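Taking the form predicted on its own, here's one chain by itself in structure tokens.
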């Protein structure tokens, strides 16, 4: 029998040991009494859209920070993050002629898995930083101590972020008639600026033509929907926001639209899968080179036993060098099982490396190469790549090398801000969107057209 707490009967990886369990329980109880961040009808609507994406009729753009920080809950930073997602989606819609589902890695991406429980510097050994949901990043014993009160702060920051994004969108920020609202000032000298502005002008001309012919304003262009996602890592936090709602059966995680399970915790008989199998939200699972046939099929069976379209996404993160050998077998295993899946490519995590100075980075060519291989392999096997999952920021950072401006390892120290993983900056993210759009033009959609 499943319940929001049944995960406690299973082995649980990447969980936090709090010094005072009673304080954690009190915070979890308090979280359970607070208003939901999202609604069940939004979750149900997203599932329907993801089902269309699995057939090639829509495309998922899932992007945002590797790990949000409380300090970044500021209007300019939130607006810039929304701007880059809107700009990328505009490029994808125009280039591919398919509707885009915008899913932000924000309003809840405050926890991160770590390879080691402890970090050592200069002979001192402290707990690892696990994201602002758990502890603080400065290397002191006090900062690294897990604090359950941070769960409440994460909920509050998520609510503030989501509320501001919704207010911007409702206020016309995402109106296709005014894409100039989305401009990022520092990007005006980008080598990609002319190509992007020509695309904006083309969309504006098309809108004016359509409205002049029809004699009405195209209402759907006034508003753009977006959804939230984060890794369902900290299980007490997820449990606290899992509720039943009137007039619908089942349990919903009302803290996020689209949670996913990371590759470190995607074990069929363990706690994270046990938790996610009981919620009505669409769920993603990360799959890597080490994912076995037995593991993948067991995850599919546990997380989508009724084989419902739009319920389960496999987010493959293989690395450029292993995609050609690993991805075909993942697709074939799922096909043999007759599984209804949405395939999403995460070209970031399999391409992470350290520079000679010990700085974590990613090469733009590797990211783009994995994406191009994913499109080619899916198309060659008569499958559909239904989306991309990218760590990016609207800020002018230098964390990944390569791209239109040719960032080198020497540039990384100029504006390396991330506390965890390197992200694409504005220019690199926009360049990825332009490349995806070109690739999608050559990739056939499914037999039934999507609704506008």
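Positions refer to the first chain, counted from 1. Please read these numbers as outputs of a predicted model, since none were measured by experiment.
There is another form of this protein, the form predicted in complex with a small molecule, and it is not shown here; the text below is about that form.
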Residue 231, heavy atom within 4.5 angstroms of the small molecule in the predicted bound form: yes
Proximity of residue 42 to the small molecule in the predicted bound form, heavy atoms at 4.5 Å: no
Residue 99, heavy atom within 4.5 angstroms of the small molecule in the predicted bound form: no
Residue 391, heavy atom within 4.5 angstroms of the small molecule in the predicted bound form: yes
Interface residue in the predicted bound form among 106, 237, 260, 226, criterion: non-hydrogen atom within 4.5 angstroms of the small molecule: 260
The unique member of 150, 83, 112, 311 whose heavy atoms fall within 4.5 Å of the small molecule in the predicted bound form: 112
Partner-facing stretch of 121-129, 260-268, 320-328, 367-375, counted where any non-hydrogen atom is within 4.5 angstroms of the small molecule in the predicted bound form: 260-268
